[in-house]
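Form predicted on its own, single chain, as structure tokens, below.
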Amino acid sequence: MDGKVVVVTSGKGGVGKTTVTSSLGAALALQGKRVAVVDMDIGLRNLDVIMGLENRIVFNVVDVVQGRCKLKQAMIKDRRINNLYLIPASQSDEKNVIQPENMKWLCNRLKKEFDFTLLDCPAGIEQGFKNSIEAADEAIVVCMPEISSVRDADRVIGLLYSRSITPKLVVNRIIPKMVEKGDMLSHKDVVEVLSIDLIGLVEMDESVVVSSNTGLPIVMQKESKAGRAFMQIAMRMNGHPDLPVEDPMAPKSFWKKLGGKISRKNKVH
């Protein structure tokens, strides 16, 4: 049975799309799946940096589709996580060097070998976006709880539906205190506007910065709220769609609150 190709997109840049792609790739691999993550941002690659694999690049996705190397030569195996592979973007080619038919050919090959192929889609809705959605079976739209991000996501969702791809939503970088004050949209506002199924809520987490700088997958950081959220999203992708979405705005239980007070008292003394 062939694997799935999932495009991770947003429309707007700077919403954490690459972090979402790398984190979900790591989480799915930790859950026993064979996973390929492909950087589709020709000329501006950074998925390799976030995964800590930038020093091991020899060939890239453009080399593969243009026949300059074999597919396996361009795959970089993650040293920390079994069954996780990166195919990096080219840093020197023009964005239009790859065409949709090239991606169809590549993804058909990847589907034979991997359970999941995740495509890190570049920002915008131009050539890189068209290439990424050409071969996609499913889509994850990453959106921050900001009006401009929601507007761009809405545009992308319309384009995905026009290609018969049903998207699912990840609301990223939620700051509960700002939501409580009314300074940030709630995830319920975002879902109401976009009207697509929610697959995950990710709270703003400083450990994401640490992960990006060190190359240590955030899903391997036990205390990370974002890491836990990504593991749960991966489970929903991986045969558990009914797993409840953990709400960062949900009130803490009495015991958690009490535990927090006790730990603060201990620090004072």
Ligand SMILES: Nc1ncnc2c1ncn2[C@@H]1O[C@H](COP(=O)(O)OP(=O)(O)OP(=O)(O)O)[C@@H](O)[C@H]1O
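In this text, residue numbers run from 1 along the sequence as written. As the structure is a prediction and not an experimental result, all values here were calculated from the model.
Another form, the form predicted in complex with the ligand, is not on view; read the next lines as being about it.
Remark: V62 does not count among the residues lining the ligand in the predicted complex, judged by a heavy atom distance of 4.5 Å or less. In the predicted complex, V209 approaches the ligand with a heavy atom inside 4.5 Å.
The ligand is not shown here, but in the predicted complex it comes within 4.5 Å of a heavy atom of G16. The closest heavy atom approach of A123 to the ligand in the predicted complex falls within 4.5 Å. Proximity to the ligand in the predicted complex, taken as heavy atoms within 4.5 Å, picks out 166-174 from the listed stretches 78-86, 166-174, 96-104, 126-134.
For the options L53, M204, M237, L30, the one in contact with the ligand in the predicted complex, meaning a heavy atom within 4.5 Å, is M204.
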